[in-house]
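As a starting point, one isolated chain is supplied in structure tokens, in the form predicted alone.
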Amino acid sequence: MTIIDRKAPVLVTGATGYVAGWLVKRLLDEGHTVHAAVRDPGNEGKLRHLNALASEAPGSIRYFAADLLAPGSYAEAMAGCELVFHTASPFIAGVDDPVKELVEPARQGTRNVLEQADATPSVKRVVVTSSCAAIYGDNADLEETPEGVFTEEVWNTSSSVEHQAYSYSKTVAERAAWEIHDRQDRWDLVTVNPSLVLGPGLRPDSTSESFRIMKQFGDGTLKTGVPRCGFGVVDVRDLGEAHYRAGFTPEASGRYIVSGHDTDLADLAVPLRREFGDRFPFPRRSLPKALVWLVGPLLNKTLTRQFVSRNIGLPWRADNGKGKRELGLEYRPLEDTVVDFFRQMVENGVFDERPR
């Protein structure tokens, strides 16, 4: 059991990020002092939304320059903190050099933060933002699970640099975190393993992979149809709450799958059509797996035939019960997540609405 002194500062790495924003808001609203580790504390544009949150909350925020790949970079920001949230990590679907752009940044960044925690006497707990990608690589992996469902006991063993490089990067990064943790007994480690994160961001100029996916629903990219490919979804607001509870619940331990809904692309389009009607070219049909297998690799290099074979037409199921039982997590309706996210993008002028 780990009890965190609520008067001690709390470190958040990657504080300007999509997920971190809602965590920082929760911390500030509860009156905590947030040590925000960012690349450039002088970039007022990227900090404006955090400053606005702090100005309306009882908590306070301090900025510290930190480089995820530089050993010792987090020493000043971590000093005096009992709780560390490590949220900084790359999420890029298409890369030219997966080792350089995904695997090494994820693994080395995690090592740098956790090794600094090991060298900082005040630290009692580290919460790492991992991913369900560290649990599975392909939907076909579901067939190998003991009960036909992904749980916290399952590890991704099917991904590699050549296949599902992002998933591989999250797996090696989380394993590195547990290896460092297991060498000591002063501080504990909790990992939050979310599925696909959707929902409105606190930064109007956010450009995460989640925004790119949602944008394709409204810009015509998917108007001819979408493949049936199961995945999980969690609202970014619920994920921020999950992080907070993982940090401050004394009994929290181990890994937590944080996923509100088992769904797919076709299901996401339903509430969008219901809410926004024919204003946008939302997909209305599902593409046959054979067609995706044939033309997918020609249209999108991430749609390899191996990916299509092991994911398209297959369901995704995960057990989120541990987080509900131990952290008291609750999840808002999927429709609220999708509609709120898309509406924010419309209001921010992401789409060029012309007569159709």
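Note that residue numbering begins at 1 and tracks the sequence as displayed. Because the structure is predicted, anything quoted here is derived from the model rather than measured.
Although not depicted, the form predicted in complex with a small molecule is the subject of the following passage.
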Practice problem: Answer for A318 alone: is it within 4.5 Å of the small molecule in the predicted bound form, judged on heavy atom distances? | Solution: no
Practice problem: Would you check, heavy atoms only and a 4.5 Å threshold, whether L68 touches the small molecule in the predicted bound form? | Solution: yes
Quiz item: Just to confirm, V19 within 4.5 Å of the small molecule in the predicted bound form by heavy atoms?
Solution: yes
Quiz item: Closest heavy atom of K324 to the small molecule in the predicted bound form, within 4.5 Å or not?
Solution: no
Exercise. Spot the stretch among 190 to 198, 151 to 159, 282 to 290, 217 to 225 with residues whose non-hydrogen atoms come within 4.5 Å of the small molecule in the predicted bound form.
Key: 190 to 198
Quiz item: Of the residues N139, T263, T120, S206, which one places a heavy atom within 4.5 Å of the small molecule in the predicted bound form?
Solution: S206
Quiz item: So which of S167, Q116, S89, S259 reaches within 4.5 angstroms of the small molecule in the predicted bound form, heavy atom to heavy atom?
Solution: S89
